[in-house]
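Given as structure tokens, the chain that follows is alone and in the form predicted alone.
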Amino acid sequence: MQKQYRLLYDENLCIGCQACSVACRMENSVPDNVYRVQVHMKTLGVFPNLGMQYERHSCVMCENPPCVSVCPTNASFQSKDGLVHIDEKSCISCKYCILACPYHARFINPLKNVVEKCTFCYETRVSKELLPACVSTCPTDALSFGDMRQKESLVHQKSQKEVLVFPKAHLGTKPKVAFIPNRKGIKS
């Protein structure tokens, strides 16, 4: 049976430490000035009632990925598990997929001149039953990852217990990344 992967990002637990981004860079040899995952920080409120809001940006592994249908060489494709990958050997760097991605999650790797994005560390970790580097590194457990078909998995249990927000759900892309929205502190 195919996996049904999901990654959860709990905004209530994130402290903006960027450990996920650093782990991703190390695991995937991401060059400077580009990123596969990044946490943006925003200050909310008025002094002395200030708070921080963190937002994670990366590929959300759409079930209906617009980046795949626009690729003229089929370099962007979906695996049987529904994950979106890029075949570097077939990529001609036309950038159609970059333009089609509503999440701005793709970039040209300046060292290889091919398009890259988050892969959930599929080749190096997930295919070996390991967690993605960002998830295994997070010091506050703000990230959870797993197979939604395994009812005992943390990702399944959290998905049943929490209110989930799927980014840009109105587009119908059906992301595999969901957010547990911030319930604490200062509102914008």
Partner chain sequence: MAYLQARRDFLKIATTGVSASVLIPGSLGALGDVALKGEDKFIRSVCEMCSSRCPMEARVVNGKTVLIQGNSFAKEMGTSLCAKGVAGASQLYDPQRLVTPLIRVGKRGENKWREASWDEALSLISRKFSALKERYGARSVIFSAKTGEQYDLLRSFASAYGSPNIFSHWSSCPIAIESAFAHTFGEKLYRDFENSTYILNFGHNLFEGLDIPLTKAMAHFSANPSKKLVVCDPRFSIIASKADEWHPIKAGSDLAFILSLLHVWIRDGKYDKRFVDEYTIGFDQLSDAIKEATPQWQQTLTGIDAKVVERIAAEMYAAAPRCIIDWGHKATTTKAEFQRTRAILIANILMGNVEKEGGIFFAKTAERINTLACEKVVPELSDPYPRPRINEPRLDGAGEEGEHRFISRSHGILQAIPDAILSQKPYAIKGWFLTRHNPLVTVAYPQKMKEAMEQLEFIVVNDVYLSDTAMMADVVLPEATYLERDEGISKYSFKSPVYAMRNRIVQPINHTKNLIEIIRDLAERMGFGSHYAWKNITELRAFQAKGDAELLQTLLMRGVASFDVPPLLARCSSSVERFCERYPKSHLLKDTQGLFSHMLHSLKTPSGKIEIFSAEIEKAFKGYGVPRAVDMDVTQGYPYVLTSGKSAVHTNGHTQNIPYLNMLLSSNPIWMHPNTAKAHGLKMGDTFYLQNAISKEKATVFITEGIRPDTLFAYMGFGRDAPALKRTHAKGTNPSKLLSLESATLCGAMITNVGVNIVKA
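These figures come from a predicted structure and were not determined experimentally. Residue numbers count along the first chain shown, from 1.
This next part talks about the form predicted in complex with its partner chain, which is not shown.
For the candidate set 150, 69, 38, 127, a heavy atom within 4.5 Å of its partner chain in the model of the complex is found for exactly one residue, namely 38. Contact between residue 160 and its partner chain in the model of the complex is not found at the 4.5 Å heavy atom cutoff. Taking the partner from elsewhere, residue 178 is found to have every heavy atom lying beyond 4.5 Å of its partner chain in the model of the complex. Within 4.5 Å of some heavy atom of its partner chain in the model of the complex lies at least one heavy atom of residue 133. Remark: residue 95 does not count among the residues lining its partner chain in the model of the complex, judged by a heavy atom distance of 4.5 Å or less.
Scanning 85-120 for heavy atoms within 4.5 Å of its partner chain in the model of the complex gives 111, 112 in sequence order.
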